[in-house]
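First, one chain by itself in structure tokens, the form predicted on its own.
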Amino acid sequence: MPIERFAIIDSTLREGEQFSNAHFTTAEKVTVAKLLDEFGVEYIELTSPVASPQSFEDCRTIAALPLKAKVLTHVRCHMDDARVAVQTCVDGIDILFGTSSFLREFSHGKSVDEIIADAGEVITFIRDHGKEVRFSSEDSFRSTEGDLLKVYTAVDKMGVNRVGIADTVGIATPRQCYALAVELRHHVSCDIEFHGHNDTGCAIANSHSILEGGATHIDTSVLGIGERNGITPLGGFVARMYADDPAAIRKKYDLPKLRELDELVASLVKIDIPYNEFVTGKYAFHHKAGMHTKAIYLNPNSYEILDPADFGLARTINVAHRLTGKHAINHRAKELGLDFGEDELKLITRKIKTLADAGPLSMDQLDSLLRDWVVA
């Protein structure tokens, strides 16, 4: 899809508050919101103002900040919630209603027709107060397609800005996401938002596929934090979109801010950034195998789809181990101002591999060996 046609709705301050370790103070929420805004997300979603007295005040505080991003809050499709939400002065209100047979039986007990009737009253109220409104079906992928399309078509005619597809339990596949978006595009003219949980590891792929099918907005959170295994991670989603069009993503978002966001949120929820976290993980741009390092020295694109420099980061190359190759050793020697012939380089590399069989060498050990070889 055209790069300008998708928007990120970051839900770190809503979905992310449902993460096990999360308990953001007002000051922390303000800091996260400002940094998300600097990064360039188009929307920031906040916890429901009916969740607690402090949640209400926090909505008002963040809605009053001079942000470029629009501020949203997320409530049940219920008039009591909507009345409170409009008092916070947010830009938009996201409402949800469970549509799956599981939730209709065990949560609210309402029929599809009753859901539509309730939605009409709430949507009209929110629109009358000049707010954006999104209607989301909770547990969309365990709802029957007929029920979904009936509800979505009805709320589209009521004038919602977006309809939301929610993979609430993380059961969807990329193919299902694409197919649902394509079908939904035949029934609604409004924007389509996707909220994907990561229980089965498909959140990023699902987000990408649903955009290809015609969706326009993707929910993310920093490091993917949220209920259970969380949702589409901001960094992973941006990396996926960058792979499609690096220049456009560099223009759209302040990519070096991603590391600061990940570090900030990780510290607030008292976790380490995973070693394999998209973009900001400790080893995200680390190369080791001999064949890889040779190619990286010649052309980084050989084994990197993301340019670490665009994210304010640098690649690291480990050559002091038994998987190393003569090209990597030669490159390191030249960095030290040393020059070896082909035969000598083969002998040095064999010596390093033999020593490293007993365990990895440090770079200091490797450098000493190279320098000592010249002296010898």
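The structure displayed is predicted, hence computed values, not measured ones. Start at 1 with the first residue shown and count on from there.
Just so you know, the form predicted in complex with a small molecule exists too; it's not on screen, but the next bit is about it.
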Exercise: Asp191 in contact with the small molecule in the model of the complex, heavy atom 4.5 Å: no
Touches the small molecule in the model of the complex: Arg134 (any heavy atom, 4.5 Å): yes
4.5 Å heavy atom contact, Ala82 and the small molecule in the model of the complex: no
4.5 Å heavy atom contact, Glu15 and the small molecule in the model of the complex: yes
Residue stretch of 198 to 206, 249 to 257, 263 to 271, 134 to 142 approaching the small molecule in the model of the complex, non-hydrogen atom distance within 4.5 Å: 134 to 142
Listed residue that, although the small molecule is not shown, lies within 4.5 Å of it in the model of the complex (heavy atoms), from Leu96, Ala284, Val151, Ile123: Leu96
Proximity to the small molecule in the model of the complex, single hit among Ala239, Leu211, Ala166, Leu184 (heavy atom within 4.5 Å): Ala166
